[in-house]
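To begin, one chain is listed below as structure tokens, in the form predicted alone.
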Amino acid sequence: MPEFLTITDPADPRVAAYRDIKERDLVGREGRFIAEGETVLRAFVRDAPQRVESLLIDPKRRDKLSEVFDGLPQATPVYLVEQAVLDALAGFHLHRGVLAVGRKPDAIPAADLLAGLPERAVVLALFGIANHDNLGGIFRNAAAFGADAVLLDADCCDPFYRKAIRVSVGATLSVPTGYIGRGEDAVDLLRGASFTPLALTPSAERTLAEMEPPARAAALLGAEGPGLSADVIARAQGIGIPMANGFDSLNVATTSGIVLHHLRFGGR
């Protein structure tokens, strides 16, 4: 069972990791992250209990979370903090009343992650996704449709940022994630691992619906606005999603869901 500790002073050093959350979101937490909300906490404890350092909850939620506590490593601190103290500690009103501090996993190079995937696999390769809402939404879709991995280039935002975790409903904590180094050729990397790189672009002549999903498929997605670079598009297979009335733009997270559904189920 975890160790339950009551905190009455927001200046208590035992809960320093939870202090001034929004400000520390901007500067980082030196290998740690904040998970917020009951749904995210349940996913975190289910998928990676060994990386939970501590919990901080409103005591009113204790009974409701009893089965979550059962999944924690022995003696994990669970700090019980009344709402007023919790708000003073966090620096804003935290209506969810549930927080956790976790340790980030070691960053896995994309090449190493790809090498361990099965003979049939679907991955997403993301380029310059700097919006945490979009990144979280993409990870949520990756979990929902069983993507084998998400690859991030050096210009993507941090999947362990609090908002990205929250929007993903905890999926950034569980979906295998690999990192493409700055200057590393992602298209060559994917082809070298026998993946077919599919560049999502409105300019593509071939549509997603026309494509038979390859055994090892990598969907390449760029940031809204600039999209993928011309070089990446030229060296991958361009794939488009037709839209009505001349509309030519989808939210990138929405695009990821449509593409993953087709790659998983379109050939069946």
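Everything numeric here is computed off the predicted structure, so don't read it as measured data. Quick note: we count residues from 1 along the sequence shown, nothing fancier.
Only in words, not in the display: the form predicted together with another copy of the chain, which the text now covers.
Though another copy of the chain is absent from this view, in the predicted complex it lies within 4.5 Å of a heavy atom of just one residue from L208, I57, V68, A236, which is L208. Each of A244, S249 and H261 comes within 4.5 Å of another copy of the chain in the predicted complex, counting any heavy atom. The stretch in contact with another copy of the chain in the predicted complex, judged by heavy atoms within 4.5 Å, is 145-153, chosen from 191-199, 93-101, 68-76, 145-153. In the predicted complex, another copy of the chain lies farther than 4.5 Å from every heavy atom of H132. Remark: N141 counts among the residues lining another copy of the chain in the predicted complex, judged by a heavy atom distance of 4.5 Å or less. Within this chain, G257 lines the site of another copy of the chain in the predicted complex, having a heavy atom no more than 4.5 Å away. At the 4.5 Å threshold, heavy atoms of E36 stay clear of another copy of the chain in the predicted complex, well away from it.
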